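To begin, one chain is listed below as structure tokens, in the form predicted on its own.
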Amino acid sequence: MIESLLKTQVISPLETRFKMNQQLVHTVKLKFTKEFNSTPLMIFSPGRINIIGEHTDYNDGFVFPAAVDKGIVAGLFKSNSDQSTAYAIDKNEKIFFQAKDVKPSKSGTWHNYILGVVAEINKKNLPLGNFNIAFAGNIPRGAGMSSSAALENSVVFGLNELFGLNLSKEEMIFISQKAEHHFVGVNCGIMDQYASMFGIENNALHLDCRSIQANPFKIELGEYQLLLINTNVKHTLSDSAYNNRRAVCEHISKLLTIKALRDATKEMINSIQDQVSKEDYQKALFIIQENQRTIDASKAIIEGDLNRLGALFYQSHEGLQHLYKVSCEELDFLVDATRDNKNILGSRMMGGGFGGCTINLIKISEVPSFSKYISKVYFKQFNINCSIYDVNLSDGTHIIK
């Protein structure tokens, strides 16, 4: 993906980022027109951050994501040939397929996000024909900002428009989710697809992953802002560990004869403590605590209590590190480096874990000096550059006029 990379203290201002997004749109439209000799329908589908609430979505719990102004730009149009073509501009790669007969790609990567969406649409027996798509993005690689959900949503949203499939947005996000389950092999929850599709500018969404209903919360941080710091590592355990933890949660729910851990209390899991390992007990305990933290965070935002919100960030990270055990040395280092800084109210890892970003609640005036400091000490510790991004909260997947 095309990356807005900040290795020291230089932060892209809003006007600069707007120009970068406009350039991305121009590039995709130009490449599509040149490759397919037609004018595309243009779609923007955003990545997302998560204020708080990790691994609670597949437990029917609450999450607190927001769409951001970095994402996937896709151009699509009906094919005038007997095949479909998908063109990943950033990678300069193409795949060819029949829209009515798709199978998972053995080479994996980005192919299966697109093919999986097409397969799930076909299961609904909708009038889908061959099409062409070209896409590029500016979601930082490996940042845990859900470029996969953004790509899936851009495909299903664009095909819905092109072929008049009459899918609702809710139907579309479940198509995106099932594509990831069946073609990618990651049993993700619904948070990423929901946030990318339904995002509201300047708002985070407190989403109930059981009812699939969300309440928007306008994010007003005053003299503070959200800052992402990317470890630029992704440890190979990430996908298998994700599926393992989901299986643990489902197993404990069955022991408790409940639908999901969203319905559990600490007293309930204490009652079966002798039937599960210490590690699995701790995982279930984390989910219960993290689910409550999303509710507490929504109250803190309503009350403008940023100190409370920051404290919840640190509590979330400690649970992810010690109970759910999805953090890593690099993430822990970045969080620990903020603890004695009075201008930073909170920090935690964001996303599935084993790499990706921390999300930090930091005083705006502190950003340049802290960015310079953390870049220096992180490189000294790991011999890797971290990357620093600021983000603005965006509307969800939409047609680019």
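Heads up: residue numbers just count along the shown sequence, starting at 1. These numbers come from a predicted model, not from an experiment.
Here the subject shifts to the form predicted together with a small molecule, a form of this protein not shown in this document.
K.L.:
Under a 4.5 Å heavy atom criterion, is Gly189 part of the interface with the small molecule in the model of the complex?
P.N.:
Within the cut-off, so yes.
K.L.:
Residue-level question: is Gly351 within 4.5 Å of the small molecule in the model of the complex, judged on heavy atoms?
P.N.:
Judged by the heavy-atom cut-off of 4.5 Å, Gly351 is in contact with the small molecule in the model of the complex.
K.L.:
Although the small molecule is absent from this view, report whether Tyr242 comes within 4.5 Å of it in the model of the complex, heavy atoms only.
P.N.:
So Tyr242 counts as contacting the small molecule.
K.L.:
When the contact criterion is heavy atoms within 4.5 Å, does Asp60 count as touching the small molecule in the model of the complex?
P.N.:
Answer no; every heavy atom of Asp60 is more than 4.5 Å from the small molecule in the model of the complex.
K.L.:
With the small molecule left out here, work out from 351-359, 335-343, 33-41, 366-374 which stretch has heavy atoms within 4.5 Å of it in the model of the complex.
P.N.:
Contact criterion met by 351-359 only.
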